[in-house]
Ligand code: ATP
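Only one chain is shown below, in structure tokens, and it's the form predicted alone.
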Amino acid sequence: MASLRLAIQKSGRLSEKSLDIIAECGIHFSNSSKRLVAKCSNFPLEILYLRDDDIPGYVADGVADIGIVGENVLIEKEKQVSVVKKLGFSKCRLSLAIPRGEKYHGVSDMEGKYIATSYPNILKQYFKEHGVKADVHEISGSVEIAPAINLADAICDIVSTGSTLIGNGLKEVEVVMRSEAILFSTSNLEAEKQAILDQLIFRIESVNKARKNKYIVLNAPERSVDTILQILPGMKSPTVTPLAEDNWYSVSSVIAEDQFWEIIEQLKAAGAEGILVMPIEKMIL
């Protein structure tokens, strides 16, 4: 039987989150930092631990069938691969930053400036789209110190919280692109491996949907049930069950995480009591 080869970053937050979602999909593997290849025991998948910069090339060349990297890495490497799915974690942005004491009026301020970055292809395309001619210098690692040592007038680098920029006397002035973890595949995946990938995608989607939703159970008097049903969303419709006490009902449904507090307040105002909210492990639609 064919086995799908997945390439992920060998260390770091993206690696940890990638392995977490594979584990949440019910796939068992050996998680050892000393191993470069791990075979899964209950799913036709092999995990290759590689440098993130190398992953797009390995997938494009067919050494690995699929890979997970930040979208910024995939775009920068300009390899011929097929994007399968954005995964919703490891979100960040690629931004321009300048010394904190300098004034900034817009991207045109970069005209004729020296910009240090580890993402020259993305940055050059960005400047081209904005009609700016700047001198882009590619450097790897410690991009933030470039202005302080007079290597560059500004930088373009990955930003998550912004604390690293602040610590190096810089301020973020433009977002060049927003990025998150992305699953991608070789362009010509054979049918048997595509079938395995489809199974993996199904599991990942079930896990992600569960993360974004909560299961809610509440009690309500009969007079409030119709109002509560109008408030509650559901995969099809909320479940209503009579309680032992006359004229009281239990109502259960699924609500989106980002609507949670707003809906809870509405439910309380409508007469809901004893509200229980629980996480969902998997969600199959």
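From 1 onward, residues are counted along the sequence shown. Only a predicted model underlies this, so the values are computations on that prediction, with no experimental measurement involved.
Absent from the display: the form predicted together with the ligand. The rest refers to it.
Of the listed positions (70, 57, 221, 44), a single one reaches within 4.5 angstroms of the ligand by any non-hydrogen atom in the predicted bound form, namely 70. Scanning 139, 204, 132, 92 against the ligand in the predicted bound form with a 4.5 Å heavy atom cut-off leaves one residue, 92.
Just one listed stretch, out of 5-13, 259-267, 272-280, 19-27, contacts the ligand in the predicted bound form at the 4.5 Å heavy atom level, and that stretch is 5-13.
In the predicted bound form, at least one heavy atom of residue 119 sits within 4.5 Å of the ligand. Contact check for residue 179: a heavy atom falls within 4.5 Å of the ligand in the predicted bound form. The ligand is not drawn, but in the predicted bound form it has a heavy atom within 4.5 Å of residue 52. Put simply, residue 82 is far from the ligand in the predicted bound form: not one heavy atom of it is within 4.5 Å.
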